[in-house]
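Alright, here's a single protein chain in two forms, structure 1 and structure 2, each given by itself as structure tokens.
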Structure 1
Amino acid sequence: MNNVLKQKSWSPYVAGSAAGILLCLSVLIAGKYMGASTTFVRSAGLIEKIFAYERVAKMDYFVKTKVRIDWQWMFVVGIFFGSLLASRISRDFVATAVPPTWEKRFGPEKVRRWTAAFTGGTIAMFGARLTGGCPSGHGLSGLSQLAVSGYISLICFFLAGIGMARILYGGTKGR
């Protein structure tokens, strides 16, 4: 097992199996399916509560979905630190403001990259909140429940990702 952890890139079979085991444990131990998008909304609510407590307390969304640090919030924190730890163990960690693939296609400007990343993240979060879940919630957890919506959403995520990659990076040019 130690050898698997120190490889430059992990086998998708090992990583997928680990995600499946984690999902099963999450359901067995906490009674919760994996998801992440609500955490970002709750985090925004936690921050806003500092400045406008009464406003947050009256918002319909936050009345229904309480502003708190819960298992899902800790799950997202665990994703961050787990991925950081995995990249350190495999000696694959690289802190870069502009990834090489982006730089090759769009140039080295940090502001352009960060603007695109922020805009993409905002669109993705809007879509996740509009549909009531993110790829991990609808995709992984939906598939584990054999939900038709899980299959449809996962197919749509992949098709949209492929389409956007072809638009941004021009297909397979340069290979």
Structure 2
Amino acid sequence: MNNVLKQKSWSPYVAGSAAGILLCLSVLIAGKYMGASTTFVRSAGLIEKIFAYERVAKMDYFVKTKVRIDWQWMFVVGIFFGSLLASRISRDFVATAVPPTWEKRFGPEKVRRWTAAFTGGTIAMFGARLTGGCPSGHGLSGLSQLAVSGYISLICFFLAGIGMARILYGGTKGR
């Protein structure tokens, strides 16, 4: 058991199937489906509340989706600690500022990567909120429930993602 936990990686089929069992148990025990993007809106609300409490309380979106710490908020925080734990046990934790694939294509300048990450994050979350979910909520939970919204969303996530990857990496054959 100890050896298994210390392994740097598990087959994605095994780790993925285990996540599937986890999702079933979560629905059975807590009645909760996995998701992540609503947490970012709630967190943005929590931060905005510090500066403009009255304003946040009146905003349409926050009337519909209350600014509070809920199951999903704790779930997302848990992901951070779970990953930290797993990478520490297997000594796989390495502080990396620029991903290798990015560096090969765009060079080692940190600011360039961080700007792209920030911009990408802003665009992605706006889109995720518009469609009502991310690859966890629409992807894992939506597909598992055979939701039409999940299948439409996941197909569009990949279509646009592949398009963006082509723009960024299109000219690099044999990379």
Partner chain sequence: MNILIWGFITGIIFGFLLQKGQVLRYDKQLGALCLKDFIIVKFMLSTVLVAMVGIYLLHDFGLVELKLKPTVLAANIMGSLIFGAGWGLLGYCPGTAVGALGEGRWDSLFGIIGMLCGAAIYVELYPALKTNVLAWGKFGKITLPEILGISHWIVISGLIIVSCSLFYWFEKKGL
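Given the structure is predicted, the values throughout are model-derived calculations rather than measurements. Reference numbering: structure 1, starting with residue 1. Throughout, rigid core stands for the largest set of C-alpha atoms superposing within 1.5 Å between the two forms.
Between the two displayed forms of this chain, it is structure 2 that matches the form predicted in complex with the partner chain. Relative to the superposed rigid core, G16 undergoes a CA displacement smaller than 2 Å between structure 1 and structure 2.
With the core fitted, the CA of F158 sits 3.6 Å away from its counterpart between structure 1 and structure 2.
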